[in-house]
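What follows is a single chain, given as structure tokens, in the form predicted alone.
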Amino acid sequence: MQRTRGRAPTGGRAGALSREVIVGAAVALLDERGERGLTFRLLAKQLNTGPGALYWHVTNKDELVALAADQVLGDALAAAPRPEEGAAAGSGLRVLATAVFDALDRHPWAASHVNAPATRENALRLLDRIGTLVARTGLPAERHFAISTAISYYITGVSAQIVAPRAPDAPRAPDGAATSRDAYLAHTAERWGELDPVDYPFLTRTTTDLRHHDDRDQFTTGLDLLLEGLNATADPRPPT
């Protein structure tokens, strides 16, 4: 007989667990131990149940991590107030984008699991909110999809590139040992510094910036350039 999710098997702890409870506990463990440190056995111990009870609500670890990452997005959406009707689209997009970045910054393991195109509940809500704001710009409707997805890919993709190195189980040092963000950037800066300045004039003179840059500033700098382009396209101004 095919199992039905949400119903505990005979003799199980009916009502003691739910997918939401399991996902919330998984988020906490992922924050502490990273993806490699999350196991169903450890999660079951945290929830005072058996591993078999977890499989009644989630199919496997991959699904659980994906659900946990989507929950992080849900928290970001809840933290980003919806702009009032008539408010500028650009300001609403900036609030939304920075809320997502900040949420992924707090849970860096989640960044690489916020995939595109959107399929899970909160990823779908994020893209829909972006698209709704883009539609306020007055740009032609046939451009809304391309613009909305481009902004979505920037928010999630760039966030992943920036914050993933701070996950508890990533990145690794050259000898395979775990390392901090600062150590990772220092190692990369040393590598840049060893390059030939004739072939790599920009990289060799920006090693200090790489070591000491602020991740959120890096993200918002690119975001503002993107939104300035959107504003200029939506509201072109004649040359003065």
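C-alpha atoms forming the largest set that superposes within 1.5 Å between two forms make up the rigid core. The structure displayed is predicted, hence computed values, not measured ones. Residue numbers run from 1 along the displayed sequence.
Below: the form predicted together with a further copy of the same chain, not depicted.
Practice prompt. Verify the flagged residues Ile162, Arg205 and Leu230 against a further copy of the same chain in the model of the complex: is each one within 4.5 Å by a non-hydrogen atom?
Written response: Result yes, every residue of the spot touches a further copy of the same chain.
* Just give me the single entry in Leu29, Val58, Leu185, Ala44 that has a non-hydrogen atom within 4.5 angstroms of a further copy of the same chain in the model of the complex. => Going through each option in turn, the one that passes is Leu185.
Answer yes if any heavy atom of Ser91 is within 4.5 Å of a heavy atom of a further copy of the same chain in the model of the complex; otherwise answer no. Residue-level check for Ser91: no, no contact with a further copy of the same chain.
ask   = Does Leu17 reach a further copy of the same chain in the model of the complex, with heavy atoms at most 4.5 Å apart?
value = Outside the cut-off, so no.
Does any heavy atom of Val158 come within 4.5 Å of a heavy atom of a further copy of the same chain in the model of the complex?
Close contact exists here: in the model of the complex, Val158 approaches a further copy of the same chain to within 4.5 Å, heavy atoms only.
Taking heavy atoms and a 4.5 Å cut-off, does Gly222 contact a further copy of the same chain in the model of the complex? Yes, Gly222 sits close enough to a further copy of the same chain in the model of the complex that at least one of its heavy atoms falls within 4.5 Å.
Within 101-136, which residues have a heavy atom closer than or equal to 4.5 Å from a further copy of the same chain in the model of the complex?
Residues within 4.5 Å: Ala111, Val114, Ala116, Pro117, Ala118, Thr119, Arg120, Glu121, Leu124, Arg125, Leu127, Asp128, Gly131, Thr132, Ala135.
Once the core is aligned, please say if the CA of Asp214 is shifted by at least 2 angstroms between the shown form and the other one.
Asp214 C-alpha, core-superposed: shift of less than 2 Å.
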